[in-house]
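Listed next as C-alpha cells is one chain, alone, in the form predicted on its own.
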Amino acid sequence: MKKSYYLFNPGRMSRKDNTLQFIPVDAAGIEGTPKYIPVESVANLYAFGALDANSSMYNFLGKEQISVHFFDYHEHYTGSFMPKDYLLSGKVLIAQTQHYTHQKKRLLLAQKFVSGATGNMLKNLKYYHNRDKDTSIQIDRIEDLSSQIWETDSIEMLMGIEGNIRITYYSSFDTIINDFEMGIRSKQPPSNEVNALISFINSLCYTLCLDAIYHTQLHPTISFLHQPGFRRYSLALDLAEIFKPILSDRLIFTLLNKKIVTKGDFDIQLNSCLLKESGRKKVVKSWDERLSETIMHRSLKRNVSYKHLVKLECYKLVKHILDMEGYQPFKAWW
C-alpha cells in the first residue's frame, strides 16, 4: 500500500535504478548514509528541509504520479510539484467552469461547503460540551450564524459569515485544550503552540485534499467558495474547510490533551513559535495514523478510511457538477 514519506533533513534525492535514493546532508555539507525508498510504495513526498534534485528525478516522479509538497522554514506550505494530469475530462472541466461562472450555482456550492464545515465544528463543540467543557456560548452563537448561511446572496457575504463562525469556533479552543492557551489566531508566524499546530496540520489537510483532487477529474484551480487566484489550488481550500474540524482540530485536541506533544516539542522565540523536528515527527506520525482509521460509511455500508473520505467528497462534487446527484457535504454523525 502506498504511503506518504516525510523528509525532515536537507539532502539530495535522485533516481537509483527504479528506486529513490535520498542522501541526507548536515549543516557542514557532509553527506550521510544513503536511504532507499521503493518508488512503488510512495504516494507523495513532503519536503520540510532543503531538497536537492534534478530534472531526471522529477521526470521519474511525474511518470510514477508522485507529488512533492514543499514547506518553508516556518513550516508554511509553499507549493507542490504535481505530475501531469492523467484523468483528463473535457466534460467535467466545462461543467466545473460553468458552475463557477454561474452565480447561483457557484453560491449554492459555496454555501454547502460552509454548511458542511459548520456542521463539523458544531459536532466537535457538542462532543466536548458533553464532556464537561462548557462550549455552550460558542454553540449558540454558531447555530445562530449558521442559519444565515442560506440567506446570503453573494460569496462576499457568505465569507463574512464563515469568518465569524471560524472566530467563534476558535474562541472555544482555550476551553477544550488543557494547559495551553491559544488566544487569537495568528499565522505568520504563529505566536504560540496551539497556533503553530493549527498552521502545520491545516497545511497537511490542504495537501491531502490536493492529492485527492489530483486523482479525480476535477481541476484544482477552479473553486467555488475561495476566489481562484494565480498559482494556487483553490479547490483544495474549499474541500479542506469541511475536513479541518474532523481531521485537523480533533488531532490537535488529542495531541495536546493526551500530552503526546508537549511544550518541549516547540521552539519558542520572540513573537514566534514553531514545531521542532521532534514535534513535527510526532504530528505526522499521528496524522498518518488518523488518516488510516476507518469508519462505517452510512451510504456505502462498509468501512472507509478518513483518507478515502476526502476522495469520496471529490466524487460527490463531480456528480453534482454533471447534474447527476446533488452535492451534500460530509458531516460527521458520530
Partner chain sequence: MHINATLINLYHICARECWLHANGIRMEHTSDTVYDGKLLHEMSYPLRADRHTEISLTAEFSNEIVLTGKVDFYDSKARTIHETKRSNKTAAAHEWQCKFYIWLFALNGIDDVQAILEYPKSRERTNIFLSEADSVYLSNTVDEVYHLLRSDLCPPRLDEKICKHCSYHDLCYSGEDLSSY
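Positions refer to the first chain, counted from 1. Quantities reported herein were computed from a predicted structural model and do not represent experimental measurements.
Beyond the structure shown, there is the form predicted in complex with its partner chain, which is absent from this document and is the topic of what follows.
- A residue is said to contact a partner when one of its heavy atoms sits within 4.5 Å of a partner heavy atom; Lys105 fails this definition for its partner chain in the predicted complex, lying far away.
- Its partner chain in the predicted complex is not approached by Asp17, whose heavy atoms all lie more than 4.5 angstroms from it.
- Among residues of the shown chain, Tyr73 is not one whose heavy atoms approach its partner chain to within 4.5 Å in the predicted complex.
- Contact annotation: Lys307 falls outside 4.5 Å of its partner chain in the predicted complex, judged by heavy atom distances.
- Among Lys258, Lys91, Arg131, Lys84, the residue placing a heavy atom within 4.5 Å of its partner chain in the predicted complex is Lys91.
- This chain is displayed alone, yet in the predicted complex one of Lys63, Lys35, His297, Lys285 has a heavy atom within 4.5 Å of its partner chain; that residue is His297.
- Picking from 155-163, 187-195, 215-223, 248-256 the stretch near its partner chain in the predicted complex, with a 4.5 Å limit on heavy atoms, gives 215-223.
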